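This document opens with one chain alone, in structure tokens, the form predicted alone.
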Amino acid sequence: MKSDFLNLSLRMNPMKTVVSVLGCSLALSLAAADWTQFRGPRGDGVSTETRLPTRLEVGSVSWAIDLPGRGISSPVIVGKRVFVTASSGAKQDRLHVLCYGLEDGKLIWERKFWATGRTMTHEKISGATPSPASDGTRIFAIFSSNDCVALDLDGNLLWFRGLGRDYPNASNSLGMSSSLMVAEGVLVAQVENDSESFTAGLDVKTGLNRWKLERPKKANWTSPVPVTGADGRTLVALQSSKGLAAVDPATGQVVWNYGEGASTVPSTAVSGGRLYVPSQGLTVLEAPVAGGEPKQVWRSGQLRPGTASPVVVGDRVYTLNDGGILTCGDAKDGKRLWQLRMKGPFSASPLAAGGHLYCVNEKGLVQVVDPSAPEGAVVSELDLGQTVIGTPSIAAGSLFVRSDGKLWRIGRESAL
């Protein structure tokens, strides 16, 4: 799955449930190969790694560990540490943030919290559905209960924010699932639903609101993605049923807007200054460089994605529908080039690395695709034997996949 179910009501007094805690942070630099949020540091599902195995077999698994609870959030990798969230208990009200060693999969630390908000979710997901994010010195996690926590990389608590207590109407019967993003010292939490809907910019040091932006009142499962603004600064693209808004993360000000509607499931991908928006199929926008509104480049109904978000690599765009049809299109004009039937169904978004695509279906079958083949070709498979709904992560020459019960590292034994 990709993102989220949103809500969080708009009542002021955001300080009500913020807990600030002093603690030492482990100052690890943010390496280029770190995987810091859902679909990677650029939110596009594309990695610069060239060492991932393409011929998968049982021996490709470096390690596999049992997790203490359910979850479909993506792992976050910073330096030699892998961070993952989980939820446990009959009511999914025990929230876990866990840190494992990258090289051996051994548990370094675990922190547990009680949920303060609503924990009911659809049976397909869990309390640990939204993916965490990192700025290189902190790890931020949000859960379907709208509880948000900040820890340093050693697991020391920096702050805890019970957003479900601050905004009691911010919940739904399916569970929240929009993933976090960090930009300009602000943690962006997209919290949208049919009631009171908004996106909040939280100060990374305190968890307090820097801003709060009213958003369309409709359930939304998409996640924010970074896009470069006219002045070179990072903007945050917020997708909803109404379209796409580019927001200044420092102030919450809307810089530009696309208002022709968009999907509430797969998220936008950004590549080469263009935004590939799941809108009326797939709509490609040219980001404005000197103010104004974005320009539509092309639109294709044949490239409509399913639950999975699109991936753009060079001059090719790839979309994957829920049934398992992978479609390749020309990124210049949207012309469909080929289609490949894979073994579905799919909820997780595909990832790209080293000239290949990595796709994991709901049954836990990892499929490696060579898109350079005339009609695309699956070159290898690895059956993990468990249901996988969440999107994997890539770092250190490896693919990190998680199910409700396990976390796998598929790749080199030691790559750092």
Partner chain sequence: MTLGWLMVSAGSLTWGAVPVGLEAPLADLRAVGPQGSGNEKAAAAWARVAAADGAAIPGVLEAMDGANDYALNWIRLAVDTIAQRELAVGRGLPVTALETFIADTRHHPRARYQAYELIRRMEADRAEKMLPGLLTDPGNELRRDAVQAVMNRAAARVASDKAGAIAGYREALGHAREADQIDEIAKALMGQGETVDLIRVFGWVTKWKMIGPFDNTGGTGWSTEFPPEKNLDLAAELDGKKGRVRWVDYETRNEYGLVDFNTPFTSLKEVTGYATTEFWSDGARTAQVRLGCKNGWKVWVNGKLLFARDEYHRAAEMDQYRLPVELKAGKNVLLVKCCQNEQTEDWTKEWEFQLRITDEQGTPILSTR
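Residue numbers count along the first chain shown, from 1. Not measured: the values here are computed from a predicted model.
Although not depicted, the form predicted in complex with its partner chain is the subject of the following passage.
In summary, among the residues K80, R316, R336, R111, the only one with a non-hydrogen atom within 4.5 Å of its partner chain in the predicted complex is R111. Contact annotation: of the candidates M120, A230, I325, V254, the single residue with a non-hydrogen atom within 4.5 angstroms of its partner chain in the predicted complex is M120. Although its partner chain is omitted here, in the predicted complex none of L180, V225 and E286 has a heavy atom within 4.5 Å of it. In the predicted complex, its partner chain lies farther than 4.5 Å from every heavy atom of V312.
Taking the partner from elsewhere, D248 is found to have every heavy atom lying beyond 4.5 Å of its partner chain in the predicted complex. Contact check for L303: no non-hydrogen atom falls within 4.5 Å of its partner chain in the predicted complex. Contact check for D330: every heavy atom lies farther than 4.5 Å from its partner chain in the predicted complex. You can rule out all but one of 340 to 348, 154 to 162, 125 to 133, 274 to 282: in the predicted complex, only 154 to 162 has residues with a heavy atom within 4.5 Å of its partner chain. Contacts between 186 to 201 and its partner chain, taken as any heavy atom within 4.5 Å in the predicted complex, involve D194, S195.
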